[in-house]
Structure formats: structure tokens, C-alpha cells
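The chain below stands alone and is given in C-alpha cells; this is the form predicted on its own.
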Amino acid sequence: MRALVTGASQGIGRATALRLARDGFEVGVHYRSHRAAAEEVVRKIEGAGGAAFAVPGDLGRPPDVEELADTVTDRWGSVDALVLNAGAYPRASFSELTTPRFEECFRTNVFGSAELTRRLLPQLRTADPGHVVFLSSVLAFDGSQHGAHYAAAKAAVIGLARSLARELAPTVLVNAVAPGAIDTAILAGDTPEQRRLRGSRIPLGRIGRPEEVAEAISFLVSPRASYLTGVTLHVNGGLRTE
């Protein structure tokens, strides 16, 4: 089995790459700029007896997406799972959001993932079935006080996943995961008080771990989820349930 995980050098992507390797997948560890971190993920997988390789590319640049798809196709020929985790949350107030800033956010969080999926579709269709998992966010449903462009992009991801689920069935199953507050670089700027307050708003009383999101993704690309497509799985400690 073969899985490409975008944005896999850190955070949820890193945890997912490691989890899928334990599931028996050979993993493509995609990164944009953190090469050393991606190579460390590869070494960790290989040290545990798995197989992996690191592959660069900026999903906001169409030539990089084309090269990424070609590299994966040349190496594997077929792809069983595509996990579209790469993204960016450039916080800004709405008054600061020019059209170019909106476009940049959508290129990174939506357009690149859509184009990569399209280019790898023939390879995904050779699996039985192929799996695509898009990473959205609780902010797609609740909105963001500091990033209307990001929340809008993540809402677009939900629409894209649901549409592809209908179009690509039954050969490719397409689902989404919408994490809530997860202990990643996005929350690195929180003060201890902000972190405490964030956790207090969650019914489970704490911020989530990247590994907990990775478990959900592992489930969605496994035979255990063989009758699920078009689903958005919320992983947020009860912050939102629908």
C-alpha cells in the first residue's frame, strides 16, 4: 500500500505519516520548506522497518504540483491513499485582506490540493478502492475572527470533498477531517493563559494531539471505512458535533 501525505514534516501531517507507516503503507512525506524535518520523519519510519521517501513542493505553485504528481507517479505507478494536509493559516483581520491575499490562501489550501488530486486520479483509481482525505477545520463551520480567508478556504475544502465523493464513487472514496484546537505550530503563539482558556472551552477540557487526528485519518483510509464517502469527521473534543 502507498500513501502520499502532504505537509508531512510536522504537526498533523507528521503524525499521519508515522501512523500510516505503522499501518503498513509506504509513505511519501511531502514538505514545502522543512526538508530536514521531513527527512527525519523518513528516517523514523525506516528505523521502525517501514518504507518512506521525502518529496518537496509548494502546493501554491502549479509547476510544483505537477512535478510532485510526476515524481509520485514515476516512483509508484499507483497510489492507494492521498492525505491532503498541507495548508497555511495566515492570520489577518478582514480589513487587511486584499484580493491577492485571499487568492494566495486559496491557492495553498484549496487549489493545490484539488490539482494534485486531479493529477493523481488515474493512480488512485487503480486501488481497490482509492482513498482521498482532505483536512478542513472547525473554522469552516464556526468562522474565524482572525482569518476569514482561511475559514472560507477550509469551507471550500468541505464542498470539494463532498462533490468528489459523489463524482468518484465507487472507485475512490473521498472524505474530510475537520480538526479543532490541536497542539501544532498554529497554536505556538498562544500564551499560557490563552492556552488555558482555549482548553476550557472544549468539553473534553483540553487541546487535542496531532496523533489523535492521525488516528481518524488512519481509519478513513482503511477497510474499516469501506462504506464511508462524503463524510466530514470532526476531531475536536466535542467543540462541535455536526
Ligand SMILES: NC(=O)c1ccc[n+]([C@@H]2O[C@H](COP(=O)([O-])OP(=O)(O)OC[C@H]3O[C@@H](n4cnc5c(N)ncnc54)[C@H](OP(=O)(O)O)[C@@H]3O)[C@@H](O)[C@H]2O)c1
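These numbers come from a predicted model, not from an experiment. Counting begins at 1, following the sequence as shown.
Another form exists, predicted in complex with this ligand; not displayed. Remarks below refer to it.
Judged by heavy atoms within 4.5 Å of this ligand in the predicted bound form, the contact stretch among the candidates 129-137, 93-101, 71-79, 162-170 is 129-137. The partner is absent here; in the predicted bound form, the one residue of Asp58, Glu39, Glu211, Glu26 having a heavy atom within 4.5 Å of this ligand is Asp58. In the predicted bound form, this ligand stays beyond 4.5 Å of every heavy atom belonging to Gly50. Contact check for Ile182: a heavy atom falls within 4.5 Å of this ligand in the predicted bound form. Among heavy atoms of Ser200, none comes within 4.5 Å of this ligand in the predicted bound form. Residue contact with this ligand in the predicted bound form: Leu121 places no heavy atom within 4.5 Å of it. Residues Tyr150, Lys154 of 146-176 are found to place at least one heavy atom within 4.5 Å of this ligand in the predicted bound form.
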